[in-house]
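The chain below stands alone, shown as structure tokens; this is the form predicted on its own.
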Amino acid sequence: MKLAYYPGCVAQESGRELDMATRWVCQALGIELVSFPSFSCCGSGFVDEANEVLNVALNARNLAIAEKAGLDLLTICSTCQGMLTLANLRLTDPKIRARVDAALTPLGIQYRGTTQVKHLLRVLTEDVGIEKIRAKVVRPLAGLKVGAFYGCHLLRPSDEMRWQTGEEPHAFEDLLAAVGADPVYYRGRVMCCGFPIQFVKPETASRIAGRQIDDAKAHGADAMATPCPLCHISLDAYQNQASKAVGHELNMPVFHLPQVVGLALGATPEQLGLPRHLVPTGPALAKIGTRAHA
């Protein structure tokens, strides 16, 4: 399998461990990642709110780059997945398509709409397949109770994302079970992490994140895992603020999606960038008989 790799912004900077883990897992599963340095930001949270057509054009350019190479596009960020998928859908509107084509033509770029956008979670569960991943497990995550945290943009709006329901998804839990972990079901797993308002109303954002972590913990989770780097920022990097907002320590390790898979496939914590997390993952790693070096 060969895919155009769209890491997004966070995985190239503050969340480099996500990129590390993705590359390790894809290599272990025989997925060839083709990098395109000319990819640009998906514009979410900034460009899309200021100028929808400009944001669609921005993502049409990204899609056209992968399209020219004859490749589908792999994302590892739920927000990027949402922006790129919605761009494909918006471009079915003749008026928007005409404006975008007019912007891209002077750049020598042609968008045809043939490239599919695939999040890593969907590639692992559908293209690689649950059974193939199960067969490659060398370190089962037995005894580790993990609460998946989907976030917003991977599932919603459901009529446009056209995947699993935004209320009762199961792909991440299916994957967790395949690598030997015990999936934890809780209401907060499909709720917002608070990131969209982190820089406008930080106290409210912290309460939202703290509420979701508390929910996972109340249902027995030893750790959480998310397919979105922005959710990871809210749940891991800002967990100290979330603890203050809810009035008690949370101490919840939070993994990126490929880190959970990588651990089961035999990667070391260092290969997956686990020492980079702000909330120590040691208590969760101890459950599966391993540890990270400082």
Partner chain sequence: MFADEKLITVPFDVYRYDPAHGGEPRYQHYELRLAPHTPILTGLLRIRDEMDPTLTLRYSCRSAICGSCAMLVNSKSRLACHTPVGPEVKEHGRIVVDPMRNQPILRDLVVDQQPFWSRYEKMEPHLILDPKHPMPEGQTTAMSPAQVERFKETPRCISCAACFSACPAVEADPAFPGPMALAKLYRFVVDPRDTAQTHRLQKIQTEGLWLCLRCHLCTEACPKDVRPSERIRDLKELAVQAQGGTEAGSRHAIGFLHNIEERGTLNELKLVRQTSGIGGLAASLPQGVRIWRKKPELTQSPPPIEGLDQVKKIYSTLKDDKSEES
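Because the structure is a prediction, the values reported are computed rather than measured. Residue numbers count along the first chain shown, from 1.
The form predicted in complex with the partner chain exists for this protein as well; it is not shown, and the discussion that follows is about that form.
- Query: Does V260 make contact with the partner chain in the predicted complex, using a 4.5 Å heavy atom cut-off?
  - Reply: The answer is no: V260 has no heavy atom within 4.5 Å of the partner chain.
- Query: Is there a non-hydrogen atom of A135 within 4.5 angstroms of a non-hydrogen atom of the partner chain in the predicted complex?
  - Reply: Output for A135 is no: heavy atoms all beyond 4.5 Å of the partner chain.
- Item | Exercise: R276 in contact with the partner chain in the predicted complex, heavy atom 4.5 Å | Because a heavy atom of R276 falls inside 4.5 Å of the partner chain in the predicted complex, the answer is yes.
- Does Q116 reach the partner chain in the predicted complex, with heavy atoms at most 4.5 Å apart? Output for Q116 is no: heavy atoms all beyond 4.5 Å of the partner chain.
- Among 176-184, 98-106, 118-126, 138-146, which stretch has residues whose heavy atoms lie within 4.5 Å of the partner chain in the predicted complex? Stretch with heavy atoms near the partner: 98-106.
- If you check A225, M252, A57, A267 against the partner chain in the predicted complex, which one has a heavy atom within 4.5 Å? Selected residue: A57.
- Item | The unique member of I208, L74, L84, A216 whose heavy atoms fall within 4.5 Å of the partner chain in the predicted complex | Among I208, L74, L84, A216, a heavy atom within 4.5 Å of the partner chain in the predicted complex occurs only for I208.
- Item | Within 4.5 Å of the partner chain in the predicted complex: residues from 182-211 (heavy atom criterion) | Read in sequence order, the residues that approach the partner chain (within 4.5 Å, in the predicted complex) are R187, V190, M191, C192, G194, P196, I197, F199, V200, K201, T204, R207, I208, R211.
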